[in-house]
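Quick setup: one chain, the form predicted alone, written in structure tokens, and binding and motion questions come after.
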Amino acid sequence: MYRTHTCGELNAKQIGQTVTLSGWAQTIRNKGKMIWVDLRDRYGITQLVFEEGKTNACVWENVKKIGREFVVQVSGKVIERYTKNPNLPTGEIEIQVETLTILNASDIPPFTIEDNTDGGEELRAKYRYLDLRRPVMQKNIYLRHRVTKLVRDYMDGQQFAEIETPYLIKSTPEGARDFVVPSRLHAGNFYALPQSPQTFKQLLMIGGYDRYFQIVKCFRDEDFRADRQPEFTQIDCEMSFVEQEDILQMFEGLMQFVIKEVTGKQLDKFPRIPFEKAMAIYGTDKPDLRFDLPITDLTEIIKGRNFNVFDSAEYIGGIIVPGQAEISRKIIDGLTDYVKTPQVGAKGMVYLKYNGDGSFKSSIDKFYSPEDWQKISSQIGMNSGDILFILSGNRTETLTALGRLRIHLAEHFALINENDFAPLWVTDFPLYEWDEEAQRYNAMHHPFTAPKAEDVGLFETNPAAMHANAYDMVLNGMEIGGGSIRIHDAEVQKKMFRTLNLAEDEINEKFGFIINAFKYGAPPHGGIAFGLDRIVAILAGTSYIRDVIAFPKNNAGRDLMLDSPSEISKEQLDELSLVIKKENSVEK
């Protein structure tokens, strides 16, 4: 028996008992006649104590051989700890070691296996198996396990069946780029890895499986960011004979259940905000509602004072920050520099201070009198002690910039309670978005999204005015799920494809299988897909989804531990009938 107990369960109740533990030596403190070792496993840390003259001579010699991350087994008596550690569940006791076995030696690790490690990101990625030993990483990975179990429990309780769908499918590049897989047996032909199981889950609805879900890997060959990976995990769901309200209630219940079970917090009913309203008030379709700071439309209020920047602007918007009128010019200049950065894209910013003494101070006072400011501040609900930040220009671009400024202001003025959960639904998205470069429409969600019933007649006349029967779930400023009611009529689906500028033969080649399936009694259906990685990251309190994935890729899409992607042999290339093009030459 390697252990009778784990390293995280012993306390004062076990004093006097003889126990056996196994784990990794995290730290060794050698004071000459006394040696202490912190023994770690996934459950916690227990302190071991060795004393020259009292500890068996063989054990005493062995303990002096131990280094960091050695795997050891010990047996001994649980005793009261002289200097207690209130920060450890085992901090009241220690083990007076009687026997010691070194199960495996270890080289000196390249970084400390502790939460506050000295290892940089690339080094930890190269030795990911060591990084995974850190308690914070183990906590995250076990949290992920718990969330997936809770999802399965809830879905099973709602009569959903977990059904697997294929990983080797047909390439239909209508969204991000596909990862493609060459076929050895069918030279010149390729599979694709699924960006989502979208068409398969719709086919399952046609097959009569009216409640489907799957916790599934998906793949997208796209640029990488902190919250994206080339392979990621979805909680993929679909239901038959449902309307939008049925979907919202079902999966609002899922998130309420998961968050309560993990955190103990009971969430109220999720607010619902139409897309246009979200953009107008928050400058984004995934607003963070843990703080206020709405955007105020100033366009008609503030024009007409001969300030050309405002008078020539399509849109003028501002954000009031309550109680911050006394901030320094240095802080204002820093905020102005921020809005000029490429990720925000504004050319400048105007500020208005409503001072505590009732006076006003602005960067454009030469154009506006105190009476002007008094009237404007009264119209927008600005109070004494507040400061207003104003951006202007193209409406869409300015709202987006204000949305980013809103988040930056909340972070700067510490307005976000990191322990809060603020979910919402965003609804009534446009069905299409115009691609200026390609001079064509793209589906804002995906081409199987149903239009609102009242907009079906606009396919040929005004597709830009059509709204999607679609919805996103947002949590703390991150989109964690998105879905829609699907098209289930073959003719409507064809109209959708035609508006996306797909020719008839292209429709048949790429999507003929689902068009044909619709002819055989497709039920009304809809669904949603959640980003499991993002949900777990929010619950774990980290901004990076790679912190909750056991073996993630880095920001360049590489696995530094496996050194992947990598070249393959000439023999493999020949088997696959592939030719690799290199600069100034062509090689097999």
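It should be emphasised that the depicted structure is a prediction, and the values quoted were computed from it without experimental measurement. Start at 1 with the first residue shown and count on from there.
Only in words, not in the display: the form predicted in complex with another copy of the chain, which the text now covers.
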Self-check item: Residue stretch of 537 to 545, 29 to 37, 550 to 558, 45 to 53 approaching another copy of the chain in the predicted complex, non-hydrogen atom distance within 4.5 Å
Solution: 550 to 558
Self-check item: another copy of the chain in the predicted complex: contacted by all of 82, 268 and 318, heavy atom 4.5 Å
Solution: no
Quiz item: Do residue 207 and another copy of the chain come within 4.5 Å of each other in the predicted complex, heavy atoms counted?
Solution: yes
Self-check item: Contact label in the predicted complex: residue 499 to another copy of the chain, heavy atom within 4.5 Å
Solution: no
Quiz item: Using 4.5 Å between non-hydrogen atoms, is residue 532 touching another copy of the chain in the predicted complex?
Solution: yes
Exercise. Although another copy of the chain is absent from this view, report whether residue 488 comes within 4.5 Å of it in the predicted complex, heavy atoms only.
Key: yes
Quiz item: Between the options 503, 380, 456, 161, which residue brings a heavy atom to within 4.5 Å of another copy of the chain in the predicted complex?
Solution: 161
Quiz prompt | in the predicted complex, the residue from 432, 471, 213, 282 that sits within 4.5 Å of another copy of the chain by heavy atoms | solution = 213
Exercise. Check each residue of 2 to 38 against another copy of the chain in the predicted complex and list those with a heavy atom within 4.5 Å, in sequence order.
Key: 2, 3, 22, 23, 24
